[in-house]
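Only one chain is shown below, in structure tokens, and it's the form predicted on its own.
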């Protein structure tokens, strides 16, 4: 991996270079919440933050998108080819994108996601953990790939890790300097201290088996407060479920096909033809969600969003601790 360094005074120059490569989406604080949105000026950007409300996933897999439009016997697919930049993405969210890549870029390849991913430059930055973060327990506390550039705050400058060819071309611009062993070692020490601040721990050994064998009474206790609203799915960086609807005119001469995010915690998610629902209760949907996140494969990145934004105050780590029989 190539390393460079960037003086903080030169960050506006990097921002202008990023703008020349596409629309820039970055964390912005609004109404006490931080969200990714399009920005035109570096002054709008908040780089010191813990988590955004919605993950950057929303820019690669939009909450709602038209994927096909037809009229008569002619149709066209709605591929989006805009160049974009995700600026200020944390380690956990970079790892979240990698988990989505495995779903949407492997066979069968999702061309809508793939087109956006290929046209999006990712610039990461280290985070400020809080008491809800548990990324180190799920292997997402540090990103080694999945980005073009990654910035590590060293005080007056950033150590910059270069993760792609496009990132390399950016790092060769005149405002970057070569980084030496001193800067790399300093960044490593600061990353060690940062990850040491992630105090929350979760033991996932054998968790998939424990989820499958937990009795009904235990699950009813675990899911008792759940409102089945689906917020946990909406804020999750790795939830991938979606629904597809055909919207037609009354004469069916023209229409469109629309894809929308879906939630496995909603009752209608498992509803099939004939009115059969193979996960009709909140308990069954909770089991399914936990199995998806930490069962056979760990898809959770430990960002803490599902806990922070749950309207019922359900704590994801405490819920799994209860399954293990540990004190909450």
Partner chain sequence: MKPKVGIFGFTGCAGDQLMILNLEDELLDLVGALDLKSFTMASSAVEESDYDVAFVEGSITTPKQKQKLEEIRKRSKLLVAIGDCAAWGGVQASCNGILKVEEKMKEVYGSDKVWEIYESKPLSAYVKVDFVLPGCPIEKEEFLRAAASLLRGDLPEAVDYPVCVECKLRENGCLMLEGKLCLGPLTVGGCRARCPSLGVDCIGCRGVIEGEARIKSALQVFREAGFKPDYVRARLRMFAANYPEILEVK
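Here, rigid core means the biggest group of C-alpha atoms that superpose within 1.5 Å across both forms. Positions refer to the first chain, counted from 1. Just so we're clear, the structure is a prediction, and the values are computed from it rather than from any experiment.
One more form of this protein exists, namely the form predicted in complex with its partner chain; it is left out here, but the text below deals with it.
Engineer: Among the candidate stretches 119-127, 193-201, 238-246, 80-88, which one is within 4.5 Å of its partner chain in the predicted bound form when only heavy atoms are counted?
Structural biologist: Careful reading of the contacts points to 238-246.
Engineer: Just to confirm, residue 114 within 4.5 Å of its partner chain in the predicted bound form by heavy atoms?
Structural biologist: No, residue 114 stays farther than 4.5 Å from its partner chain in the predicted bound form.
Engineer: Going by a heavy atom distance of 4.5 Å, is residue 227 a contact of its partner chain in the predicted bound form?
Structural biologist: Flag for residue 227 set to yes.
Engineer: Is it the case that residue 46, even though its partner is missing from this view, gets within 4.5 Å of its partner chain in the predicted bound form, heavy atoms only?
Structural biologist: Residue 46: no contact with its partner chain in the predicted bound form.
Engineer: I'd like to know if residue 223 sits close to its partner chain in the predicted bound form, meaning any non-hydrogen atom pair within 4.5 angstroms.
Structural biologist: The answer is yes: residue 223 has a heavy atom within 4.5 Å of its partner chain.
Engineer: Counting heavy atoms only and using a 4.5 Å cut-off, do 33, 282 and 311 all touch its partner chain in the predicted bound form?
Structural biologist: Answer is yes for this spot.
Engineer: Find the only residue in 231, 144, 186, 177 having a heavy atom within 4.5 Å of its partner chain in the predicted bound form.
Structural biologist: Exactly one residue meets the criterion: 231.
Engineer: For the stretch 265-293, which residues lie within 4.5 Å of its partner chain in the predicted bound form by non-hydrogen atom distance?
Structural biologist: Result: 265, 266, 267, 268, 282, 285.
Engineer: Determine whether the C-alpha of residue 227 shifts by 2 Å or more between the shown form and the other one once the rigid core is superposed.
Structural biologist: Moves: no, less than 2 Å.
Engineer: After the core is matched up, is the C-alpha of residue 248 off by 2 Å or more between the shown form and the other one?
Structural biologist: After core superposition, the C-alpha of residue 248 moves 2 Å or more between the shown form and the other one.
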